[in-house]
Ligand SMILES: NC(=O)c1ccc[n+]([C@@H]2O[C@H](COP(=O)([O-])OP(=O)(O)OC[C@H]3O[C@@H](n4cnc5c(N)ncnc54)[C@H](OP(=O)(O)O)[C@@H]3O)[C@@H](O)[C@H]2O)c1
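Heads up, the chain below is alone and in the form predicted alone; it's given as C-alpha cells.
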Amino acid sequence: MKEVPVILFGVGGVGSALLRQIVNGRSPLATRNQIQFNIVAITDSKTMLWDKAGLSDEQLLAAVDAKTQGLPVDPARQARPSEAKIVQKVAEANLDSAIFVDVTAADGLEPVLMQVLNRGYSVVLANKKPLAGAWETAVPFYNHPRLRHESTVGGGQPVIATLRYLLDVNDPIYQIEGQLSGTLGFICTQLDAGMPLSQAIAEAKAKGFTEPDPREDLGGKDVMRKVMILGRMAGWPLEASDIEVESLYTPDLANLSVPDFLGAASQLDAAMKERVDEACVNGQVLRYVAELSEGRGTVGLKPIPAGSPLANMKYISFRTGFYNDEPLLIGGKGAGVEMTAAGVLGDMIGLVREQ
C-alpha cells in the first residue's frame, strides 16, 4: 500500500466534496490502486488543521461539517501560516511524495506552486488562475510531469486528458470551440423561454448557480481562462489580449454593489430581448460560446440552430488533423462540485500511478 501525504488548499464546495470522496472511497481506492491518501493539512482562508501522520476521517468530516455552517476548519481558530510556510512545514516533516491540491480561486500562488514543484512535490489544480495569468509566469506549469489540472476545464469531463492524448499522438490542433459555463448556459435557456435577462440572472443566483457576485460569470472572464488554458496546451502562447470577450453587462454597472447591480440589471433587458427575438426569427437560440483558432479567439453570445444538439449541451470540440471533417466532441453535464472534485481525485491517483 502506497501512503501519500496530501495538503489541501481550500475547503469550500469542491474541497469539501473531495474530502468526502476520499473518506468514502478509501476501500475501492486501496483495492484498485493500492493507494491511501493521508490528508496531513487542510486550510481555509484563515485557519489550518495539521497532523503529519494524517488527519483522521472523523476530523476531516467534522471540518466539512464546520464549513457548511460557515465555521473555520480549525475549531481553535488559530491563524494559519502562509502557503510558503506550509510548504516549509511539509519539508521539515520529511513528507516525501506529497501532493499539494489547490481548489481555491486565489490569486498570486504561482511562486508557492513553483516552490512546491522545485522541492519535488506534485500539484493538482482546480484553480485556473495560475495557468491563465501572464504567459511568462504560467509557462512553467504547462507540460510539467508533476502537475495535473483536469478540473480547470469541463468540471471533471476528460477534456484535458483528451487534449493531452491528441498532442501526444502529434495530432495538430486547428480549432477549439465550446460552451464552457453551466451558469451562462442556464441563463441562455431562460432567455429562450422569454424570461428577461435581469430575471434570469436573479434566478441563477437564487439557485446558487452563479458566483456570489454574478458579474464574475456574466463578464466572461472565467470562460476566457478556460479556453486560454486549452489554447496554451495546444501550443499557442496566448495572452488575455488575444481573446475578445463579450460581457453581458455594461461598464456602468461594473462598480455597483451586488444588490444595486441586481436592481439595475433590468436596464439590460430590452437590448437582450432584441437579440433573442432576432435569433428566434431565424430559427436560432443564443448561446455563450468560446472559439479559438490560430492563436486568437472570441468569447461571447453566438446564434446556434435551435434544433442542434449543441444548443442544450455543455461541450468542447476539437478540430484537428485527424478530426478535421468532423470534430472530436466531448459533451455532458460537466458541472457541479462533485464532478469537479472527482476530476481532482482522478488527477491525484494518476500522479501516484506515474511516480
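Please read all numbers here as calculations on a predicted model, not as lab measurements. Sequential numbering from 1, following the sequence displayed.
Omitted here: the form predicted together with this ligand. The next part is about that form.
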Can all three of V11, E83 and T340 be found with a heavy atom no more than 4.5 Å from this ligand in the predicted complex? yes
Should K128 be classed as touching this ligand in the predicted complex when contacts are defined as heavy atoms within 4.5 Å? yes
Practice item. Using the partner position in the predicted complex, report whether K67 sits within 4.5 Å of this ligand, counting heavy atoms only. Key: yes
So, in the predicted complex, is L253 in contact with this ligand at a 4.5 angstroms heavy atom limit? no
Quiz item: Wondering, does T210 line up within 4.5 Å of this ligand in the predicted complex on heavy atoms?
Solution: no
Heavy atom within 4.5 Å of this ligand in the predicted complex, from candidates M272, M195, A105, A93, belongs to A105
Checked S293, S317, S45, Q36 for heavy atoms within 4.5 Å of this ligand in the predicted complex; positive is S45
Within 4.5 Å of this ligand in the predicted complex by heavy atoms, the stretch out of 182-190, 165-173, 273-281, 119-127 is 119-127
